[in-house]
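This document opens with one chain alone, in structure tokens, the form predicted alone.
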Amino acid sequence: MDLLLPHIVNGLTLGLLFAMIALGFTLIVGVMEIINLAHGSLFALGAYFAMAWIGGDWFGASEFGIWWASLPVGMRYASALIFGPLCAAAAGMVLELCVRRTYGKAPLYGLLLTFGAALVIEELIRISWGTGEQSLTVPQLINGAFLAGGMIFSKYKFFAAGFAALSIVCVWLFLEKTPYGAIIKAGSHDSEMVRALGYDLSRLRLLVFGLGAALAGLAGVVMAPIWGLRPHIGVDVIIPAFLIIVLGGVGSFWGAVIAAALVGLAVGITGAYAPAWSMLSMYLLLIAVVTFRARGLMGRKSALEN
């Protein structure tokens, strides 16, 4: 069990980070009813903007740039946790203004548009930051490792897991305890009803897309020190995010969280003992669940089911 424990911790950390990505994805799917294939690219965009913000790339050798570089890394990293998601949210809202032309049309239009957007964002990242792998600087306080129970654990992974758990709780409180959260939930069930009640459906969709993109960008900032940064990293996260919302049940908040934890554990544990099966394990998990429960772990029951 002692040998297994670090891999369980790593798997749960990965699962919580996957949940942050999947929750933004499922919000957009629920309200807009489109599969946003650019969601992974927004994840990457948030991480790259955060990296540039911490390094002061845009300020160069200006007086402000020199002052910025003199600030403690912790202060720059903390502000990047806000700046990165805001940039991703702004990009997501611009994307929604383009995607809204596909509402009410065949789903293929939305898929093609967001797929094109993903390619554009990936290419822009490649032009702006190059093709090589890069890293995001973290404060010394959460860098390195610590010893507990005779085992070595990464400080940053514990920080990432705690931050992801706190973010998930905040999103849940927003959806469950605020009037605007109630409107978003109503919109995910019947968007036309929300319009009939007098709410501005266009603005709701814009804000939900921005919120979903911000969650993807935030996950990107937190996950970047673990995974590293490369232009095609968005592709690496969009597949697990899609798999998780199907596994958990489309539109289910806690279904997505539980599914993300299971996927993280499956990938983390198999990665330790059978690396070749690491990514395959989450697909096998999906097949096993969907075979016996087609609507996912916590998906709503279809009217066609007995």
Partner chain sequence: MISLSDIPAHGGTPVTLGMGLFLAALATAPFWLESVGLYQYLGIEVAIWILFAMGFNLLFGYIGLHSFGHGAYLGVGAYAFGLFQQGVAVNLWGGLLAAILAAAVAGAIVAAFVSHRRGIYFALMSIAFGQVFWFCAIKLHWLTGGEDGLLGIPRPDLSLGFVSIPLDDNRALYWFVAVVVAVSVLALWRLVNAPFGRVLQAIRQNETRARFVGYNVWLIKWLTFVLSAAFAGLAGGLFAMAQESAYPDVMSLHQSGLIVMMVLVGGGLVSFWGPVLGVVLYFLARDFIGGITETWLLWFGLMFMLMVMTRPEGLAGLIHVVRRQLGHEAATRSEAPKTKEV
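Residue numbers count along the first chain shown, from 1. Remember, it's a predicted structure, so these values are computed and weren't measured experimentally.
Absent from the display: the form predicted together with its partner chain. The rest refers to it.
A.B. asks: Looking at the partner-bound form in the predicted bound form, is Ile127 within 4.5 Å of its partner chain by any heavy atom?
C.D. replies: Because a heavy atom of Ile127 falls inside 4.5 Å of its partner chain in the predicted bound form, the answer is yes.
A.B. asks: Is Leu108 part of the interface with its partner chain in the predicted bound form - any heavy atom within 4.5 Å?
C.D. replies: Yes, Leu108 sits close enough to its partner chain in the predicted bound form that at least one of its heavy atoms falls within 4.5 Å.
A.B. asks: At 4.5 Å between heavy atoms, is Trp67 in contact with its partner chain in the predicted bound form?
C.D. replies: Trp67 lies outside the contact set for its partner chain.
A.B. asks: If you check in the predicted bound form, is Pro72 within 4.5 Å of its partner chain, heavy atoms only?
C.D. replies: No - in the predicted bound form, heavy atoms of Pro72 and its partner chain never come within 4.5 Å of each other.
A.B. asks: Tell me, out of Ala148, Ala145, Leu86, Leu112, which residue has a non-hydrogen atom within 4.5 angstroms of its partner chain in the predicted bound form.
C.D. replies: Contact with its partner chain in the predicted bound form is made by Leu112 alone.
A.B. asks: Which one of Val138, Leu201, Leu207, Ala117 is close to its partner chain in the predicted bound form, taking close to mean a heavy atom within 4.5 Å?
C.D. replies: The option sitting close enough to the partner is Ala117.
A.B. asks: Using a 4.5 Å heavy atom cut-off, which of 210-218, 152-160, 190-198, 118-126 contacts its partner chain in the predicted bound form?
C.D. replies: The contacting stretch here is 118-126.
A.B. asks: Establish, in the predicted bound form, whether Val246, Ile287 and Ala294 all lie within 4.5 Å of its partner chain, using non-hydrogen atoms for the distance.
C.D. replies: Verified in the predicted bound form; spot residues all in contact, yes.
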